[in-house]
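Below you'll find only one chain, the form predicted on its own, shown as structure tokens.
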């Protein structure tokens, strides 16, 4: 059954090719069903390979399959080959499983879009690229998928490219990821130089012979690449803007593809990390903890329902990096899987809310939706409890395990993770209360129901009848740059109607994936329960891959129980704080979030200001230096050589009398010198 490994990426690739050729002819909804079937078939193939692997002993659960020789160049040879082992099969199962549900959901969500078939072309290509990334048996094939998901994210984030904001978001994701790609490529070159191979089986076998300095350099370079793909400090800026794409894309990027790449790469390369300097894992853990806390503080002040989830993803990825830095690779993959369940659920749930509210995605325009959107609200609440760390939902088990390892590494890192957990419970509770509970803010015109939001969109305060009356002026305008988005008559995506809204529940193609994901968000913790060795199924499954770098806990049982209890209390404190602020005072004016947090600590705008100010000056200065000094020196030497050569060329005229003249002149000079120096022959 392991011989079917090639079929896992082949099916989405076949779906991509067929849709490229026949997509428009198939149209809606056939193109969507074909794409869904292709990814669903890939999930079945992954399950078959998984079952085939279960019948083998742990040390035999690695199957290599070479399709063809790709790059033969002297001593450097790379095959297009796949490596099916517990880590890659785990990734394949949840990538294809979640992606199938997202494809099914997208059939309903993208209904009526003029580029319906093109959307599924990109989705199939995205899944294929991610599968190449996790199945590749060497760093170069992984890099092929690495770049593939980057390109697909550009296509899909800017899918509605007629909007400047969407197009810019796609370009921002593409350019930011190139910074991380530099680290990946240099790490790959250095690995080949040190080991003579970039195949993972060779890296795992030869990592023990690496010099500490070399292993440290490779790890730090891989960390740069992972930070770009998995949106960690300082390269996270592209992910919040990626919300410009259709919601199924957001779910696919955040839950099943792309952002998990960095965590996968570091886990795959754990034998190299284990050989590096002792401080390197701590650096990874600090980056993760800092990112988790930073993103959580920003999430508490966002009003866009998808941006709350975007910053939440950055924060949860920080937890995974914290786990990797703590040597808890099983916990990192465990949280990656459970996060895929509940984050896909939350994103698709937010998409269902947006769909039901006529494209409105600002929570200041929502409220009291739980009865009108019963399936969406019930499943969203399940996702909320899972990510908030409420037992026995899956997020509690995976997050608690990470915090336990963090405690063993450093109580300070545990404290950062604990505060982040409280903030997570708070901002997710705030999101649920503002969306599904409290006062309805969609049943009246925008200017009356949500004055702040109306001002931001440039709607005059007096437009209570739902008709825009021109641009605001004076104090009514939030800023001089505010433009009435309703003037054009064609609303940007994510901007709801000006008048009252009639919410409605989504179709079955959208609600069925929510129900399945809700079940997984509840039961996913069963993969790795901490009670006995027998309940740690994921740990035993991944042991052949992560054993070289896995840290062994030295925490007493009593301490474990105490930390778990503290984590539960922390989550409840976060929920209670949100209840006090946003639920009990539901009829009063909502509390104002600090502008510092709402604008992400001004990090993104600060980068933009730096790039447009000192950065631009520095760039212009360097360009002038390169053009004037470097190019000037090179051009000056060329001018001197050309001039000298031109002068000498004139002496080679081909006339014998000229050469005789030169000889005679030379003889006279020689005789003169000899006479002058008194030489006697």
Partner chain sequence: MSAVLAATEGAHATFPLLTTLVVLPAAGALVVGLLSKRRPELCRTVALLVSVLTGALTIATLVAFEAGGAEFQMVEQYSWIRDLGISWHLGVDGISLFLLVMTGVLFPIAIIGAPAPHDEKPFLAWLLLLEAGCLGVFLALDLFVFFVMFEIVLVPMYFLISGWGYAERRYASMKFFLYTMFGSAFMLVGLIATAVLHGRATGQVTFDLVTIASQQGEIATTTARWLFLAFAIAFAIKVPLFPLHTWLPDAHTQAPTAGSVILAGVMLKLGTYGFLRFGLYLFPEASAWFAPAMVTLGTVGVIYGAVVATMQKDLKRLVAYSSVAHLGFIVLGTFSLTTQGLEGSVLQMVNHGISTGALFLLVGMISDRRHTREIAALKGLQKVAPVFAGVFTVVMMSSLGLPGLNGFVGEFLILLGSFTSARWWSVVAAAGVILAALYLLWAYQRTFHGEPDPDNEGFREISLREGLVMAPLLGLIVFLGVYPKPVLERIEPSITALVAHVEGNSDFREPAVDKTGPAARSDVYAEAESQGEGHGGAGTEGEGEAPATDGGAHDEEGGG
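Here, rigid core means the biggest group of C-alpha atoms that superpose within 1.5 Å across both forms. Positions refer to the first chain, counted from 1. Note that the structure is predicted; figures quoted are calculated from it, not measured.
Form predicted in complex with the partner chain: not shown, discussed below.
Only one of 559-567, 345-353, 449-457, 182-190 places residue heavy atoms within 4.5 angstroms of the partner chain in the predicted complex, namely 182-190.
Judged against the partner chain in the predicted complex with a 4.5 angstroms heavy atom cut-off, the residues 62, 168 and 196 are in contact without exception.
A residue is said to contact a partner when one of its heavy atoms sits within 4.5 Å of a partner heavy atom; residue 639 fails this definition for the partner chain in the predicted complex, lying far away. Using a 4.5 angstroms threshold between heavy atoms, residue 69 counts as touching the partner chain in the predicted complex.
Contact check for residue 230: every heavy atom lies farther than 4.5 Å from the partner chain in the predicted complex.
Though the partner is left out of this view, residue 147 does reach within 4.5 Å of the partner chain in the predicted complex, counting heavy atoms only. Residue-level contacts in the predicted complex: of 294, 174, 418, 486, one residue has a heavy atom within 4.5 Å of the partner chain, and it is 174. Note on contacts: among 74, 411, 112, 594, the single residue with a heavy atom within 4.5 Å of the partner chain in the predicted complex is 74. Looking at 1-28, the residues that come within 4.5 Å of the partner chain in the predicted complex, counting any heavy atom, are 3, 6, 10, 13, 14, 17. Fitting the two forms on the rigid core leaves the C-alpha of residue 616 displaced by at least 2 angstroms between this form and the one not shown. Positional change of residue 70 between this form and the one not shown stays under 2 Å at the C-alpha, relative to the superposed core. Residue 631 shows a C-alpha shift of 2 Å or greater between this form and the one not shown [criterion: core-superposed Cα displacement of 2 Å].
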